[in-house]
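Just one chain follows, in the form predicted alone, and it is written as structure tokens.
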């Protein structure tokens, strides 16, 4: 099937990476996936509009994602509407094909809503839905000179909500060995807010500022006990302590790390970052520090590989890729390598492939997939959806659930002619979600919460 446009959307819980094939192949548009209310100018900003906000103090975030899954579809639709509008991508969705990512272990009823939004709200001609890690084999993360992508690889995706360890064999995810650690960027930011609020300034309402502090100051320690001893011996003056100058939005002055020897104005408010710099990212490697009864990242990788066929385990140890925003912490690669070497079998080589652009790596891989000649065979067309409903998507999109034998018999029972499920029959114990409006994707969704 030929389409005039192909749109790629890596729909992350924190940022959306979106672009049009042929126009945004190199650098995607990065859109905050949130609806934000500023207490300073009393204005609501939706998605890409957040860049226009000048007063980032005490921002109230309304996030479409909760615990890794879309639960507020009104907020998500509002962000998508702005993304497709003339202000950003400027596309007519009814004349385009879409490749979009979904969370790992996505729930069936949420997948149905994805399908309904894509085909009924936005009327795309066709679309393909998959997880971020499943795109990596099509990209260049593991590519070496004169060699293609390996048949066996393991992708560590450490994002906003969770950290996933995803083994891939012959281009397909081995779902029985996929592992999840309940630590992501959101938890790290919240932990830093609590530490700073207890020890220095009250920053519990300053999510935006503390996220910038985390990205600017934090690092992964290669020797946590040594660094803790340094901080304990001389808390105020040591090689680790770093001063962050808090922003003053009344003067349009952004926050920044104070450079050694830099002058200080009397009006500056200083945040002193000591052992918080490395103890917050340490949670990825030691979740039990905050009471999570889970193994750290290195042990989780070892457990995942141990559940794979023994004859190919060595190939997984030699092909471990790192994507996701948390892998950008300084020292992440070195710390993970040192721990994995102690866990790997003696006859196995451990090789890590850190991405140069871990936030956009899945998007770049998606672009490569969308350009392949066989991409048209992977998508579900609108005609197929109108005939079979979400069964067409379940049959074509491989995910963690086994394919039922009766999926090809026709549309879902309980579907209306437009493909919507009868809401009064959707009581399967899964988390409730807020549904979007029935607009055709041209305007914004209502800003009111549904209860």
Partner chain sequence: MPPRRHRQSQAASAQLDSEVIAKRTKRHLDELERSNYAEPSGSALFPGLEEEDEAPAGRAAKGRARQTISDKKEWKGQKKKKSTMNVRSAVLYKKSLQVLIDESGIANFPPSIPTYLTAGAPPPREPSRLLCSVCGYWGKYKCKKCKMPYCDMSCEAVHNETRCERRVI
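Bear in mind the structure is a predicted one, so any value in this text is a computation, not a measurement. Positions refer to the first chain, counted from 1.
The same protein also has a form predicted together with the partner chain, omitted here; what follows describes it.
- request: Using the partner position in the model of the complex, report whether residue 225 sits within 4.5 Å of the partner chain, counting heavy atoms only.
  value: Close contact exists here: in the model of the complex, residue 225 approaches the partner chain to within 4.5 Å, heavy atoms only.
message: residue 289 versus the partner chain, in the model of the complex: is there a non-hydrogen atom within 4.5 Å?
response: Residue 289: yes, in contact with the partner chain in the model of the complex.
- prompt: Looking at the partner-bound form in the model of the complex, is residue 310 within 4.5 Å of the partner chain by any heavy atom?
  reply: Although the partner chain is absent here, residue 310 would stay clear of it in the model of the complex, with no heavy atoms inside 4.5 Å.
message: Is residue 396 near the partner chain? Define near as a heavy atom within 4.5 Å, in the model of the complex.
response: No, residue 396 sits far enough from the partner chain in the model of the complex that none of its heavy atoms falls within 4.5 Å.
query: So which of 123, 243, 102, 212 gets a non-hydrogen atom within 4.5 Å of the partner chain in the model of the complex?
result: For this set of options, the contacting one is 123.
query: Of 330, 376, 204, 270, which residue is found within 4.5 angstroms of the partner chain in the model of the complex when only non-hydrogen atoms are counted?
result: Selected residue: 204.
- prompt: Quick one: in the model of the complex, does every one of 36, 69 and 294 get a heavy atom within 4.5 Å of the partner chain?
  reply: Each of the three qualifies.
Heavy atom contact within 4.5 Å of the partner chain in the model of the complex, the stretch among 151-159, 248-256, 320-328, 183-191: It is 183-191 that comes within 4.5 Å of the partner.
field: Within 298-320, the residues that have a heavy atom no more than 4.5 Å from the partner chain in the model of the complex
entry: Heavy-atom contacts within 4.5 Å come from 300, 303.
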